[in-house]
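Have a look below at one chain only, the form predicted on its own, in C-alpha cells format.
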Amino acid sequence: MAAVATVTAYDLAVTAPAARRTRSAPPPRRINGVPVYEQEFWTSKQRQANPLHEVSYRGCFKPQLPAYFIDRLSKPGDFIYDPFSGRGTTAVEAALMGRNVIANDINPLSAILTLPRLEAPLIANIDVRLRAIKVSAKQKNDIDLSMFYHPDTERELLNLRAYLAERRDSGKEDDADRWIRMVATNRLTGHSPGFFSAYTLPPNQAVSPESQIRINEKTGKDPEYRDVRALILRKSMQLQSDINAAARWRLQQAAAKAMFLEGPAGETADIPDGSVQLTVTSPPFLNVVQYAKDNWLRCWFNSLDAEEIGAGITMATSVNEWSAVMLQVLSELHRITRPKGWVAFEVGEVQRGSVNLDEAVVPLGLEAGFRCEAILINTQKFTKTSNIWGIGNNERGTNSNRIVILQKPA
C-alpha cells in the first residue's frame, strides 16, 4: 500500500476485496469529471465488526465503512473526526485501530453513547457498581410509561435514573457510571427479552405511548418484569466480549485525548487548524430521520430536552436548503484538515433514489477548497435492518453507501 500522502482514488478502489479478486478496478464512469467506482467495497462478513459497536441508533452506518478509510487514509496516532457523530461508529472504530478521536454532535446523546465505550471499564468494576445501586425504593414517575414497562422494572429504572442524575450533578460520575448510563440508555426499548420494555420495534428508537399501547393490544401481552441490573451486566459482557488487553489499552489511550463537542458541525472553533488527518461522516439527509421524536425516551432517561435538541438538528426539506448547511460544514472541515488530509463524506440515496446527494456534495467540496478525488458507491446485499423497515434491497439508499472522497491540497 502506498504511503498515506500518495494514496489516490484508484488506490481506494483497487484495494477493495472485489477488485483484488479481479486484479483491477472496474473502469470508472464520471459525474462532472469525477470518477465513480461502484462495487462492494466491504461486506458485513469482511473484518467482522467488533461487538463494541452493537449500540442501536437510528441512521447509523456500519463500522466497516469508517474502517475501510481509516485503514487506507491514516496511520496510528492520527486524529480521526466525525462532525455528525451519532452513536460514535467512526470514533469507536478509530480508537480500536489506534487512532485519536474528535467527535461532534449537536445531540448530547452522542457523547453519552460514545465516550463510555472508549473508557471501557472492567466488567468486574461494572458489576460491583451495579450491586451498589439501590433500585427497590418507591419512586414517582413524571410521565406514564406503563405501556412500556412492568411496574417493578419501571421502579428499578426510576431509581437508576435518579442515582445517575445525582452522580452527574454532584460531580462524582466516573467511568463505571457513564458505562451503566450508556447501556441503560441503549436497553430502554426493543424487540427481545434483552431490553427493559415490552415487545416493540425498532430497537433503535421509542415509538409513541399510543403506538406502544396498540402494539401491546396486538401481541396480547402486558409488559413483563425485566431485571434492570442483570440486563445491563449481560449487555456489558456482550459489548466487551472481544476486548482484549491490547484493545482496551488502545481505547483508553484514545479516551484520554478524545475531544467531544456538542454544537453545530459548521462551528467548531475548539478544533485547531490543520489538525485532522481524516474525517469520516454521514450528515443528516433530507427530512428522513426525526431525531428528537425517535429519541424522546432516551432523552427523558438522561434528563434532556428532546424538543430543544431537535430544533438544532439539520432537517432540510430541499436540496438547496441542505446544500447551504453542508457548504458551511465543508468549509469548516477544510479549515481543520491537514494539507493532503482527507474527507469521506457519506450520503445516501433519498426519495427512493430520485435524489443522489453525492452529486450535490461535489461542487460544495470544490467551493470549500477541496479537490474531489472520487465518488465510491458501495452496493450491498439485502440486510435484516432494511427488512425491519419494510424496505427492499437498495431502495431509499438503505443498502447503498455513496461516499464523496475529498482531499485538501498541499
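This structure is a prediction, so every number in the text was calculated from the model and none was measured. Numbers for residues come from their place in the sequence shown, where the first is 1.
Although not depicted, the form predicted together with a small molecule is the subject of the following passage.
Looking at the small molecule in the model of the complex, residues Gly190, Pro202 and Asp294 place no heavy atom within 4.5 Å of it. Proximity to the small molecule in the model of the complex, taken as a non-hydrogen atom within 4.5 angstroms, holds for one residue of Phe69, Phe61, Trp42, Tyr37, which is Phe61. This chain is displayed alone, yet in the model of the complex one of Pro284, Pro223, Gly98, Pro121 has a heavy atom within 4.5 Å of the small molecule; that residue is Pro284. Of the candidate stretches 76-84, 126-134, 163-171, 191-199, only 76-84 has residues with heavy atoms within 4.5 Å of the small molecule in the model of the complex. In the model of the complex, no heavy atom of Pro209 sits within 4.5 Å of the small molecule. In the model of the complex, the small molecule sits within 4.5 Å of a heavy atom belonging to Ile313.
Residue contact check for Ala265: one or more of its heavy atoms lie within 4.5 Å of the small molecule in the model of the complex. Contact annotation for Val183: none of its heavy atoms lies within 4.5 Å of the small molecule in the model of the complex.
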